[in-house]
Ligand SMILES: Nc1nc2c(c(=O)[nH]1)N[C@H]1C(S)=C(S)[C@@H](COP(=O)(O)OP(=O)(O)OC[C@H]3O[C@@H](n4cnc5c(=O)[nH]c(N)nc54)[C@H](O)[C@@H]3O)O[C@H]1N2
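Just the one chain here, laid out as structure tokens, in the form predicted alone.
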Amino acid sequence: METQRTFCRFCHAMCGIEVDLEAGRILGVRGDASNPISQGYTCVKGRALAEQHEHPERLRSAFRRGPEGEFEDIGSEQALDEIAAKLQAIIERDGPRAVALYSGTHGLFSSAAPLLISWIRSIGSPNYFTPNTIDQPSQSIAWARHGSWDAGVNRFEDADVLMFLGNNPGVSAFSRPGGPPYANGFKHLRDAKKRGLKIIAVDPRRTQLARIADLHLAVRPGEDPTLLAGMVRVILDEELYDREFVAAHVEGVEELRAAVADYTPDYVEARTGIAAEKVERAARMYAGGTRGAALSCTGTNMAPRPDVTQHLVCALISLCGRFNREGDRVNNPGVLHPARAPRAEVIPPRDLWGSGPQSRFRGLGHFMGEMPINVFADEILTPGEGQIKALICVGGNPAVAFPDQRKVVRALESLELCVTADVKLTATARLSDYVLGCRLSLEKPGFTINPEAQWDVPFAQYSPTLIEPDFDVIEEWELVWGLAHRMRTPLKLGRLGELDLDRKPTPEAYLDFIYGQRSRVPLEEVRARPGGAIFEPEEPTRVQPARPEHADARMNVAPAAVISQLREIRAESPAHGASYDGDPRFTHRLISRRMMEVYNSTGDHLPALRRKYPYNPAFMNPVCMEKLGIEAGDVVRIESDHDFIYGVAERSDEIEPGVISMAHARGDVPGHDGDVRRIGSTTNRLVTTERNFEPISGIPRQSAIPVCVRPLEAVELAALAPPEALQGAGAGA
């Protein structure tokens, strides 16, 4: 037996792990106590790596759909030959816009990401899709429209107050910038509280974070912008903001003051359910700190009006001047990223949208260089010039991850060519014409480049290939190179140059090409340090002064579109927040959540991760369950104004009455509802892309969804007899 130090790639946190190996098999996985970032921590997902590698449902070859609909093994090289020929024929007949690429969570966080973008651009198609427009596009929209600060928000280690909106770092690693480190974030928060950190938690649930917070605001689902507008009003009225910083770097304060003037404590209380005194205390607690940040996540970004919510988060940060200043030490000047010394200057507001290719639907178009998921299904289903006929799906599962599920499944079924690259036969893969099996993390080399910008120290780690599979699986980048090689589509990566289409690089040479030309520390130095290391520069890096030509740049806390939406919200009656959008059919609001055992839908087939919840629990307050006459484990029908799903009820005292909480991107395609106790349901079926969506990114309302919850009649329960056993019920995001 040998023990290798590497890092987990189940999610983007990349915790350090030790892996015991023997004859190419994993005997055990544990946290690497010597890793300065994760310090021995690893979650249940990381410890399930052995099951992931050995699972019988794992794809170990490439497959083609046969004439009778069955899959037949053809091998990856033959599959790529046939796929390239079909793609070329479609492009010649219908033009490049007929081809689309979806880079799912695992594609987006793999080393293939730059190549995926290069390939779809090279063939001339604008139809590049990613999860960026499924869960948190408002983060990018808000900072672009508001403007940002080159030196970034205050460091976590310096913070004396943090406000979290819809985050739970004990479960989800999405808490940066300004929040705790990805790995074992909850421990970092507990340690920070000992040094005096104050925490404000805004969440309809009494989460792990809310229980240790100094102030928990159990806001009604969907009322985050109302709450934040009320807090901004207090800070401006009481002049608690950083007047010196604002005078030098911020504009629009008086316009924002006028827009929030009518968000009085009484009005905010009526809509949010939070006592006026607590709203005022939260505003004073946040503004009373000297350093810190406000952080939001999918909880608020999937709820109604996320662009306004996220803009007000940015405004709270800028009004209180929570940015690193000239002379502050830069903890992490980068290792695998280029070296840079940030400056104490404004990055002016800019547009990330509006100038690129346009969709045929709902006035939406390119956002950050990609098409919004909102138009995905319509672009496939609607005939005419520009109709998508072929899809390449890398490391993702649109059939369960995309909103408006029934439409998405119809779209996938109607494609002329659908190709999926993944590690198991997902719901999307089962609808595909070709499926290519991918290597898992220990079967390919890699660097910790994805989370590097979130670490407080210049740490980097390299992992060689630890297991060489004896079956036909490929890395994600090999799919792209293989298609480009056959189709003769150049793979240009800006300053990095062009990848040779005639000589396939080795995995190590590919990493050198993608990362080696830009890294501050040569890759060979990182490779030479097993287990990773902290690569401090010779001299500490500090925030540099602003350049004279940037002295007049200003962040804008009052862009016209945000002010307009704030007035629209305020024009609604206070009863809007307390009711379910004024519709008497609804009994609850369904909110999204993260679960430790899965990464979106990845991992829901592994025994160790299914042990607690093999399905997608519908968490409800016991008072609601008693009122409805249901017990834990009962199947309930959850219906929105668009569609319905079934859920398995679970008691939870952390949820307020009138709220139901479920994870998104679970379950399988419609038609497998009878297996809800084994695979769960996808909440994405409850929402439509045609209403209640944001005008820039197209993200629809996927949390705070008004729903009716009711127990099932006996005849309905009988109709839910499970179908035949599924082959791989959903993985990948």
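Counting begins at 1, following the sequence as shown. Everything numeric in this text was worked out from a predicted model, so none of it was measured.
This next part talks about the form predicted in complex with this ligand, which is not shown.
Undergrad: Let me know the one among 134, 371, 388, 312 whose heavy atoms come within 4.5 Å of this ligand in the predicted complex, would you?
TA: The residue from 134, 371, 388, 312 that makes the contact is 134.
Undergrad: Heavy atom within 4.5 Å of this ligand in the predicted complex: which of 557, 618, 335, 202 fits that? Just give me the one.
TA: By the 4.5 Å heavy-atom cutoff, the listed residue in contact is 202.
Undergrad: Would residue 79 count as a contact of this ligand in the predicted complex, using a 4.5 angstroms cut-off between non-hydrogen atoms?
TA: Close contact is absent here: in the predicted complex, residue 79 is far from this ligand, nothing within 4.5 Å, heavy atoms only.
Undergrad: So in the predicted complex, does residue 298 come within 4.5 Å of this ligand, heavy atom to heavy atom?
TA: Yes - in the predicted complex, heavy atoms of residue 298 and this ligand come within 4.5 Å of each other.
Undergrad: I'd like to check something about residue 477: if you look in the predicted complex, is any of its heavy atoms closer than or equal to 4.5 Å to a heavy atom of this ligand?
TA: Residue-level check for residue 477: no, no contact with this ligand.
Undergrad: Just to confirm, residue 448 within 4.5 Å of this ligand in the predicted complex by heavy atoms?
TA: Looking in the predicted complex, residue contacts with this ligand do not include residue 448, since no heavy atom lies within 4.5 Å.
Undergrad: With the partner removed from view, which of 622-630, 264-272, 98-106, 455-463 is the stretch that lies within 4.5 Å of this ligand in the predicted complex, judged by heavy atom distances?
TA: Result of the contact check: 98-106.
Undergrad: At 4.5 Å by heavy atoms, is each residue in 219, 401 and 600 next to this ligand in the predicted complex?
TA: Checked in the predicted complex: all three residues contact this ligand.
Undergrad: Taking this ligand as it sits in the predicted complex, which residues of 302-321 have a non-hydrogen atom within 4.5 Å of it? Please list them.
TA: In sequence order, 302, 303 come within 4.5 Å of the partner.
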